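The chain below stands alone and is given as structure tokens, in the form predicted alone.
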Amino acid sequence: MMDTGRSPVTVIGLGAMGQALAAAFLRAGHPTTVWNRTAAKAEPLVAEGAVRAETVAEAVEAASLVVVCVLDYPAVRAVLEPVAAKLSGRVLVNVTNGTAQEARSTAEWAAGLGAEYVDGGIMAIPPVIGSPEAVILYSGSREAFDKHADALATWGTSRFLGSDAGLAALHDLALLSAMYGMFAGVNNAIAMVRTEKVTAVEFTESLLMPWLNSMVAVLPMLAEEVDSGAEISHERKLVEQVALANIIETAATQGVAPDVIAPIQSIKDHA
């Protein structure tokens, strides 16, 4: 049963992430209205107590907090522009992945309609939503964020970064760049050892994870170097150059393409 003391919410867009967000609202007792272009995707949520809106207009009118989670920012505008007049007086929380400039432009568009805008970056996969391990970054209207902080907290750990609507997207993409860079390096490392019949699981569990965990401890020192403008020693630069050259040569010998490491070597050589 819905807890009628909880504020109504609307979720537009029911991909894997949108479904997870709506499900978290439902578990917390929020009356939840959902809409998706493919209506069948709402069925599991309706079975849990959600109300399926027949139109976007109906979905927007159902709650003062409107969450949109679709493929990209052009899709956000395509879905909402036909009902733009109905956004006045509402809070729009957009957790669609996009650039900082797209977030700022959308914030200006929403403000012109009389809506309060909060941009969000979800640093979690759908199964983690609803747990403290799910970190969601927010920026934009502080007043709007504070007004719905309890509802948004049902998704995980909230981090408000500032009134510049682009900050959440900027931090989101910066964190993703670190993740994808790490994953690319991991795939390259696994490819190298597999040429000698070492399994990915054996290598990852026995050596790779302990090594990467130890390297994480070095990150604060690297951050301090950047902020202080400290010059990296000539010796350290040479050691890095030699190591990168040896990685590329060994990979080539083992039949592994240098596509991941070669650009890093080029950056280091330029530096």
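Computed from a predicted structure; not experimentally measured. Under this definition, the rigid core comprises the largest set of C-alpha atoms superposing within 1.5 Å between the forms. In case it trips you up, residue 1 is the first one in the sequence shown, and so on.
Omitted from view is the form predicted together with another copy of the chain, to which the following refers.
Enquirer: Among the candidate residues Ala40, Ala217, Ala47, Ala230, which is the single one with a non-hydrogen atom no more than 4.5 Å from another copy of the chain in the predicted bound form?
Expert: None of the others qualify; the residue that does is Ala217.
Enquirer: Looking at Ala149, Ala184, Ala78, Val83, which has any heavy atom no more than 4.5 Å from another copy of the chain in the predicted bound form?
Expert: The option sitting close enough to the partner is Ala184.
Enquirer: Among Val198, Ser206 and Leu238, does every residue place a heavy atom within 4.5 Å of another copy of the chain in the predicted bound form?
Expert: Verified in the predicted bound form; spot residues all in contact, yes.
Enquirer: Report yes if any heavy atom of Arg104 sits within 4.5 Å of a heavy atom of another copy of the chain in the predicted bound form; otherwise report no.
Expert: Yes - in the predicted bound form, heavy atoms of Arg104 and another copy of the chain come within 4.5 Å of each other.
Enquirer: Do Ser88 and another copy of the chain come within 4.5 Å of each other in the predicted bound form, heavy atoms counted?
Expert: Taking the distances in the predicted bound form, the answer for Ser88 is no, it never comes within 4.5 Å of another copy of the chain.
Enquirer: Flag Thr55 as yes or no: does it have a non-hydrogen atom within 4.5 angstroms of any non-hydrogen atom of another copy of the chain in the predicted bound form?
Expert: The answer is no: Thr55 has no heavy atom within 4.5 Å of another copy of the chain.
Enquirer: Looking at the partner-bound form in the predicted bound form, is Leu176 within 4.5 Å of another copy of the chain by any heavy atom?
Expert: Result yes; Leu176 sits at the interface with another copy of the chain in the predicted bound form.
Enquirer: Give, in sequence order, every residue of 233-265 that has a heavy atom within 4.5 Å of another copy of the chain in the predicted bound form, or say none if there are no such residues.
Expert: In sequence order, Glu235, Leu238, Val239, Glu240, Val242, Ala243, Leu244, Asn246, Ile247, Glu249, Thr250, Gln254, Asp259, Ala262, Pro263, Ile264 come within 4.5 Å of the partner.
Enquirer: Does Ala23 show a Cα shift reaching 2 Å between this form and the one not shown after rigid-core superposition?
Expert: No.
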